[in-house]
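One protein chain, two forms: both are listed below as C-alpha cells, the first as structure 1 and the second as structure 2.
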Structure 1
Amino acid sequence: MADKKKRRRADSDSESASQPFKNLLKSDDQILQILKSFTTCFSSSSTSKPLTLADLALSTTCREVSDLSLSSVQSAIESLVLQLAHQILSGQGFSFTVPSRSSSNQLYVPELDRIVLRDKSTVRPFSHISSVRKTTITSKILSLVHQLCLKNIHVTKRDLFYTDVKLFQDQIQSDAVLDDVSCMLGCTRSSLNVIAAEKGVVVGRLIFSDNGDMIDCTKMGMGGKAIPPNIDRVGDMQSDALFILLVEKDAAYIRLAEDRFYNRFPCIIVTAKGQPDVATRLFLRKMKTELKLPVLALVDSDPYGLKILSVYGCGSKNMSYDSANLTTPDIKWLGIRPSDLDKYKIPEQCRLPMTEQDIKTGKDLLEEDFVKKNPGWVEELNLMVKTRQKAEIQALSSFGFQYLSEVYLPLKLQQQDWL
C-alpha cells in the first residue's frame, strides 16, 4: 500500500517535472474570471475614437486612402480621365501626378503607432523617354480597374498582369502601378477589386458572413475556415470570445484547433501561416474593430516573429499609404518571448543559435520606432540579441505535444503575461 502511494506521488512528481509549472495553474474558472475582467476593461477603453491624421494636424502633410464603393472608384477614374483630356486639349500634354511611395516619403507616427505616407508627388509625363512606359502601364491599369467596376468582379494581381504580359514585362511592374493607382484615386487596393491569393485560416468562437453565406467557425472541424480574399464581402461578425489569438505558424494553429482550445478559453484563433497577407490583415483588423476584442500574438522567439507582429500592428513600408485600413493597433506580445526560454526552462537542445543575419535583423529592429516606444519589447529584444538564442513555438513540444495548449497558454493567460 505504502509502496503504491509512493509510486503514485513519484508519478505525479515526474509529471510536473516533465511539464514544468503545471502545478501553478489555477482552475479554468479562475482563469476565465481574470480574462473576463481584462476583456471588459479592454473593450470599454477601446471605445474611445481612434486618433486620425486630422487630430494630429497631419492631414495636409500626410496622405491616406480609404475604402470607396465601386461606383465611387468608377467616378474617380472617369473624372481623372476627363481631367487628363482637358489637360491635353489645353496644350499641357499628357501626364499623371502620382504620390511618391519611396521610403524617404514615409513616416512613423508614434501617436497613431503606424507608418504613414507623406504628401510628396511626382509627375509622370507620357512625352518623356524615361516615363513613357510607366505612363502607358498606368493608363492600362486604370482601364482594367474601370472594367472591374463595371462588372463587379474580383481578380488577382496575377490576372491583371496576364492581360498584357508584353506591356507589363514583369508582375512586379503591374503590382507597383496598382499601388500607385490606389494612391492616385485615394482608395484602398481592396476597393479596386484586386485581391491577393488567400492563405489565412480562422477557427473558434466567431460567426460571420462570407459572400452571403453564414459561417460558424466553431463548426469548421480541424481544418478551419479559409479567410476570404475579398474583405468587402465579409460581414455580420458575432462572437462570445474573450480574445483573439493570432498565431504565426501552422503547426501551433493545428495543435490549438485539434484541442479545441477555443472551447476551454473562448477565443478566435487566426493564422496567416507565416508572412501576413493582405486578406488576413484586413480580416484581423475587422474582427478587432467590430468585436472590440484584445489581440494576443503567439510568434516564434526570433527577430522574424517580432517583425511579423509589427506588420500586423504598424504595417509594412510597401503599403504605408493604406496603413489605416491594414493595421491592427495594440497587439499584445504573448510569447514565445526571449525571457520565456529560461522562465519556462526550454531545454538547451531545443534552442537554436542565431545566425549573423538574425543578429543583424534583431539589431535593426531595435532601431525601429515601433519597437522603441514599447520598453518591454526593447528589453526582450536586447535579451535575444545578447543571448544569441532563438526558439520556435514548437520548442514547447519538448515537454509533450500538448504542453502549449494545456500549460503554457493557460498560464500565460492566468498571469496576464503579455507586453
Structure 2
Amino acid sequence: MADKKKRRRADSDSESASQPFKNLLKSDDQILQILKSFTTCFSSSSTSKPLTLADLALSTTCREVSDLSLSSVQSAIESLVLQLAHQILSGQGFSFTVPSRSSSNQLYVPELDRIVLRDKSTVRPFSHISSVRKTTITSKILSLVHQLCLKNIHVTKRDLFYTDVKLFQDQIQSDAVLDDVSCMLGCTRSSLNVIAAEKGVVVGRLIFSDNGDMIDCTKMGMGGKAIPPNIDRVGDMQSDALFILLVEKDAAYIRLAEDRFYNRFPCIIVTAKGQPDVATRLFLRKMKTELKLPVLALVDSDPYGLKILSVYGCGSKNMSYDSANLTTPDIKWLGIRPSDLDKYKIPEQCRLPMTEQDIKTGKDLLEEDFVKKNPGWVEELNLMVKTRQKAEIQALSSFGFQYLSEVYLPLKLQQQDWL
C-alpha cells in the first residue's frame, strides 16, 4: 500500500516536472467564472456606438469606401466610362484618376485605432509609356466587373487573372488594380463580386446560416467549417461562447480543435492559416460585432506574429481604404509573448535566433503609431529585439503535445494574462 502511494506521488511529481505550472491551475469551474465576469464586463462596455471617421474633425481629408449594391456598382462604372468619353472628346486624352495607396498616403487614427487612407490621388494616363499597361489593365478590370454586375455572379481573383494572362502577367498585378478599382468606385472589394478562394476556418460554439443552410460549428469535425468567401451569405449568428480565440497557425488550430478546447472553455476558434485574408477578417469582425464577444489572439512570438495581429486589429496598409469594414478593434494579445519564453521556461533548444531581417522588422514595428499606443506591446517588442530570440506556438509542445490546451491557455485565461 505504501509502495502504491509512493508510485502515485512519483507519477504526480513527474507530471508536474514535464508540465510546468500545471499545479497553479484552478478548477475549470473557477476559471469559467473568471471568464464569465470578463465577458459580462466586455459586453456591457460594447453597447456604445463605435466612433466613425465622420465623427472626427480631422485636419486631413480621408477616403473610405462602403458596401454598394450591384446596380450601384454598375452605375458607377458606367458614369466613369461616360466621364472618360467626355474627357477624350474634349481633347484631354484618356487617363484614370486613381486614389494613391502608397505608404505616404496612410494615416493611423488613434481614436479609431485603425489605419485610414488620405484623399490624395494620382493620374494614370494612357499616353505615357510608364503607365500605359496599367491603364489598360484598369480598363480590363472595369470591363470584367461590369460583366459580373450584369450577370449577378461571383468569380475568384484567380478567375479574373486567367481572363487575360498575357496582359496581367502576374496575379499580383491584377489583384492590385482590383483594389484600385474599389477605391475609384468608392465600394468595398466584396461589392465587386470578386472573391478569394476559401482559406480561413472556424470551429466551436457557433451556429450561423450560410446561404440559407444552418451550420453548427461544433459538428464540423477537426477540420472545422471553411469561412465563406462572400460574407453576404452569412447571417443568423448564435453562440453561447465566452470569447473568440484567434489563432495564427493551422497547427495550433488543429491541436485545439482535436482536443475540443471549445467544450472545456466555451469559445469560437478561428484561423486564416497565416496571413489574414479578406473573408476571415470580415467574418471575425461580424462575429465580434453581432455576438459582442472579446477576441483573444494566439500568435507566434516573432515580429510577423505581431504584424498579423495588427492587420486584424488596425488594418493593412494595402487595404486601408476599407479598414472600417475589415478591422476588429480591441483584440487582446494572449500569447505567445516574448516574456512567456522565460516565464514558462521554454527550453533553449525550442527558441530560434532572430535574423537581421527579423530584428529590422521588429524595430520598424516599434516606430508604428499603433504599436506606440500600447505600452505593453512596446515592452514586449523591446524585449524581443533585445534578447534576439523568437519562438513559435509549437515550442510549447516540448512539455507535451497537449500542453497548449491543457495548461498554457487555461492558465492564461485564469490569470487574465493578455495585453
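Structure 1's sequence is the ruler for residue numbers, which start at 1. No experiment lies behind these values; they were computed from the predicted model shown. If you superpose the two forms and keep the largest set of C-alpha atoms that fall within 1.5 Å, you have the rigid core.
Structure corresponding to the form predicted on its own:
Here the form predicted on its own corresponds to structure 2.
Once both forms sit on the same rigid core, is the C-alpha displacement of Ser95 at or above 2 Å between structure 1 and structure 2?
Yes, the C-alpha moves 2 Å or more.
Residue shift check between structure 1 and structure 2, rigid core fit, Arg124 Cα at least 2 Å:
Yes, the C-alpha moves 2 Å or more.
Core-aligned, is the CA shift for Leu84 between structure 1 and structure 2 2 angstroms or more?
Comparing forms between structure 1 and structure 2, the Leu84 CA shifts at least 2 Å.
So with the rigid core superposed, the C-alpha of Ser59 shifts by how many Å between structure 1 and structure 2?
That residue's C-alpha is offset by 9.6 Å.
Asp170: how big is its Cα shift between structure 1 and structure 2, in Å, with the core superposed?
For Asp170, the alpha-carbon shift amounts to 4.0 Å.
Having superposed the rigid core, state how many Å the Cα of Leu70 shifts between structure 1 and structure 2.
Its C-alpha moves by 2.5 Å once the cores are overlaid.
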